[in-house]
Structures are given as structure tokens and as C-alpha cells.
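One chain is shown next in C-alpha cells, namely the form predicted on its own.
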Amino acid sequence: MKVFTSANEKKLSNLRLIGLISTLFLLLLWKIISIKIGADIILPPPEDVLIRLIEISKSRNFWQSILKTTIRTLYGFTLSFGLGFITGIACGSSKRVSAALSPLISVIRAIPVMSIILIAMIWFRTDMVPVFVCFLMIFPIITANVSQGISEVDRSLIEMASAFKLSRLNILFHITIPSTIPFVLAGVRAAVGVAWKSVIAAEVLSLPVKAIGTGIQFSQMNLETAEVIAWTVIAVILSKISEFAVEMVIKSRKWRSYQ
């Protein structure tokens, strides 16, 4: 057992080393290209971006912007997950409901993100635009995954439960929903990155008072390329932290029995 654990740790260590080398190579490539271009307004070197990131991080507005964007992302994600989960169960349980909602979900998937943002700017106040956009972008993902999970439930288990005269509610909470958990988690994995991208993209156009997207837009208007990249780095870090948190939940013992 110790040999097996040691082998796994060594493999994980090697993978991390490869990732570190790859990151350093990309930074070196970035540095070389910036030197070749010789124009910071087009592509500033990595150290300039780091310096600018440190400078803006000293501002109170910086942390307030991160907090506001995080709240909008969580709000939009929670709404879309809740409604998407319920809709997915309905679609997976009934072919009629699936047929009725399929056109709507297909339309939502096909609408360009920019169109959603522009329409939302007409319908909602500035702070709610990113939330609405996040909701619409994630809703089809969660719905599709939950619906697929419902359709993959072992029918023999449901028939057995029915034979023992379990109520539909008991079947739903003790067989159907637990069986869909792997599909739900897969949907959450896919949705986390999309949530941050959609919220920040909406903020760039709608310009809430405090937001990462607003910081990106104002930096671009002032031709501060290093600052644009600095804000972008923050967005990537937040997205990666969210993905890491989801992975930790998935790997926790609470969920292992369902995977």
C-alpha cells in the first residue's frame, strides 16, 4: 500500500513539474515576443503586468470590484443551477416536458453572448445584467446534464421500488437524484468557467460601478494594456480557484459513493 501511494505521489509530483516548466516556457515566450514587438501598448512584458497588478491591488476599489464580481457570479450560478436542476429533472422524467422545452433551450444555446448582453442592458439595471447573462449561459448546461442523468437511471431499481410500493417522492430522493449526481457534477465542472467568462464579459459592456469587467474596459479606454492584462490575470485566478474548489468537493468522501 505504501509503495502504491509513493508511486502516485511521484506521478503527481512529475505532473506538477511539467506544469511548472510549461508555465515558465510560456512566460519566457511572452517576454521574447514583447521584446521583438518593442511596444508596450501592444504587448507589455510580464514584469510590467506584475508591477501594475501589485499597484492596482493596493486600491480599495480593486478588492471591492473583485467582491462585487464574485457575488454576481455566485448569484447567477446559484439561480441557473437551481432552475436548471428542476428543469432537468422535469425533462428527464417526461418526454412531453422535454419536447415542450427543447425549442426554448435550443434557442438559448444558439443566441450569441453579445446579443444576450445587449438585450439584458435594455431589460435590467446595470448590476443585474451580468447575473442574467450568467444565468442564461449556464442554465442549458445544467439542464442537459441533469436530464441525461435522469434518463440514465437504472430502470430496474425504479421498478423494484415501485414493486415495494415506495412513493414517487421517495423514489425521486433516494434513487433518481442520487443516480444523477455524477452528471450534475460534470455539469458544474463545465459551468464554473463559463460563469466567470459570461459575468465579466457582461460587465465590460454594462459597466457596473465596481466590477472586474469595468476595470478591464476603463484600462482599455486609457490604453493601459498592462492593466488590462493584470485584470485578466485576476479573472483567470478566480476562475481557477472556483474550479479547484469544485474539484475538492467532488473528490471529498461525501460524493465518492456516487461516482
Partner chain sequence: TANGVQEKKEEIEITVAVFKGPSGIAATKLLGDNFQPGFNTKVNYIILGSPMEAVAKMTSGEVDAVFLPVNMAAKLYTKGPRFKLAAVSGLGSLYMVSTDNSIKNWFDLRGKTIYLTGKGATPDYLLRYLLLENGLNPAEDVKLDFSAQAPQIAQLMIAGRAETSFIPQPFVLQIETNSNVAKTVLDPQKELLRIRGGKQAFPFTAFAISPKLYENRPEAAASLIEALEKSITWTLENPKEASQIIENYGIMSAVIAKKAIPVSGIEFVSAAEAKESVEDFLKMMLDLDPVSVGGNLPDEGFYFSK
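Being a predicted model, the structure only gives us computed values, none of them experimental. Numbering follows the first chain given and starts at 1. We call the rigid core the largest set of C-alpha positions that still match within 1.5 Å between the two forms.
There is another form of the same protein, the form predicted in complex with the partner chain; it is not shown, and what comes next is about it.
In terms of contact with the partner chain in the model of the complex, the residue from 28, 54, 223, 67 that brings a heavy atom within 4.5 Å is 223. Using a 4.5 angstroms limit between non-hydrogen atoms, residue 93 is distant from the partner chain in the model of the complex.
Under a 4.5 angstroms non-hydrogen atom cutoff, the partner chain in the model of the complex lacks residue 131 among its neighbouring residues.
Looking at residue 126, you'd find a heavy atom of it within 4.5 angstroms of the partner chain in the model of the complex. Taking the partner from elsewhere, residue 205 is found to have a heavy atom lying within 4.5 Å of the partner chain in the model of the complex. Shown without its partner, the chain has 39, 41, 42 in segment 14-45 as residues with a non-hydrogen atom within 4.5 angstroms of the partner chain in the model of the complex. Once both forms are fitted on their core, a CA shift of 2 Å or more is seen for residue 37 between the shown form and the other one.
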